[in-house]
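Given next, in structure tokens, is a single chain: the form predicted alone.
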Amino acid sequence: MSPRHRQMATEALHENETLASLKSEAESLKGKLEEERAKLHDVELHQVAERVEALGQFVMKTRRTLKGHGNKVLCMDWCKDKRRIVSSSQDGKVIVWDSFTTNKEHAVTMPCTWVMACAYAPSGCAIACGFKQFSCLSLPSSWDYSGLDNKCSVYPLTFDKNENMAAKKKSVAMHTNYLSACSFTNSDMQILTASGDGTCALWDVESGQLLQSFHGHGADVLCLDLAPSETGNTFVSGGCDKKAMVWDMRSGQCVQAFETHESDINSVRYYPSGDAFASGSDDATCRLYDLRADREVAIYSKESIIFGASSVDFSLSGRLLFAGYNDYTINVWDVLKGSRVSILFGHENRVSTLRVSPDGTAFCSGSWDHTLRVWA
């Protein structure tokens, strides 16, 4: 072996030793952190809630069924007016509904079927939707392929039903893999996105410029939720690495991370006060994490529940947690006591998305059975 090759081999060995020692140090620090967390773990949430009065009889029914999609409903969001709903589907359509009358107010047809994310702008004057890229070789040459990138597009809404919404769209976010979730911040001018490329990003809607990127997940990011505070400087994300991560939008840094799920995290949602968040996972559990205690404080599960939780959201008071599951049901959990208070039947395929209305009087669920249901 030549002196040069020997030197290179020695450098590579030192580099591997350094990497191994750093990994060992990281594991040691992680262990110490868990020890410090455990010291503060003096009581369980359900023990604290023993004196709290139990919930009375709970009755919720399907009040409206929204039919019009030709394939699996993948995502939905409420407008701040508490009436309109936007939904996206594997049929390549994004539909704006009047939830009172069940009428369709707007419909946009995309040139691809995987419209995996949608969101209503705070003003109610625009919607956003995210796509998954496909090869153009297998698609008709007459189509406009400008929507086939892994990007998020914003469409302004008008009262003119005949206006071509697609002509006024703005392409905002661009990822290197599918776009799994999107959410406007507290204004129409910024949007947060999550992607299968393992990152989240904050974008300026007007210019399409990347304002901040968030790196830390070790696999696809599947969901995100913006903190409910007026300042809105933090958000939480969950993904295929089984981690839930809380991010500072100003610095781009992860400020807290939780890794107690045993499978992909499909949904995350902040508690109304912003001091905690819930997650739903393919491990058939929902979990509650307290940000002040910096730990998991409750697990919502039953031995009879063996299917994954796809979507979660809180009631306006925070006492109830609604969770949609892959066994076609919606379970309603008492957040404080950790018990299931109701199970709702109606969908004929897995429940893929679920959101409580802004005024808390109803919630809407979307399913692979092609429908959305409004419950109250």
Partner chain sequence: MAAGPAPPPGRPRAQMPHLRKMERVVVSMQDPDQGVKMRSQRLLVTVIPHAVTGSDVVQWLTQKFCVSEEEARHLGAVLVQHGYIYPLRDPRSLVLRPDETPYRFQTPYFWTSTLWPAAELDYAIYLAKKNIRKQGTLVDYEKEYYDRLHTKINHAWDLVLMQAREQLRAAKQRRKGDRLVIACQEQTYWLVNRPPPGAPSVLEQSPGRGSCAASHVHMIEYCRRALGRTRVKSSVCLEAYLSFCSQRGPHDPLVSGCLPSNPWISDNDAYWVMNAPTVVAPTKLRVERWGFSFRELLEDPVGRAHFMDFLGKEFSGENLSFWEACEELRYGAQAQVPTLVDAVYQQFLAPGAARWVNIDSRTMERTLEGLRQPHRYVLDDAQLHIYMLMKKDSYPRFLKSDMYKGLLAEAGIPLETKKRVFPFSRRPRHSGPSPALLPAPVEPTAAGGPGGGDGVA
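Positions refer to the first chain, counted from 1. Nothing here was measured: the structure is a model prediction, and the numbers come from that model. Definition used throughout: the rigid core is the maximal C-alpha set that superposes within 1.5 Å between two forms.
Unshown form predicted in complex with the partner chain; subsequent notes refer to it.
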Inset, instruction - Go through V172, A119, M110, L157 and name the one with a heavy atom inside 4.5 Å of the partner chain in the model of the complex. - result: L157
Inset, instruction - Tell me, yes or no, whether S339 is in contact with the partner chain in the model of the complex, where a contact means a heavy atom of each within 4.5 Å. - result: no
Legend entry - Touches the partner chain in the model of the complex: S263 (any heavy atom, 4.5 Å): yes
Legend entry - Touches the partner chain in the model of the complex: A201 (any heavy atom, 4.5 Å): no
Legend entry - Contact test in the model of the complex: Y270 vs the partner chain, heavy atoms, 4.5 Å: no
Inset, instruction - Just give me the residues of 345-376, first to last, that have a heavy atom within 4.5 Å of the partner chain in the model of the complex. - result: F345, E348, N349, R350, D359, G360, T361, A362, W368, V374, A376
Legend entry - S24 C-alpha moves between this form and the one not shown by 2 Å or more, core aligned: yes
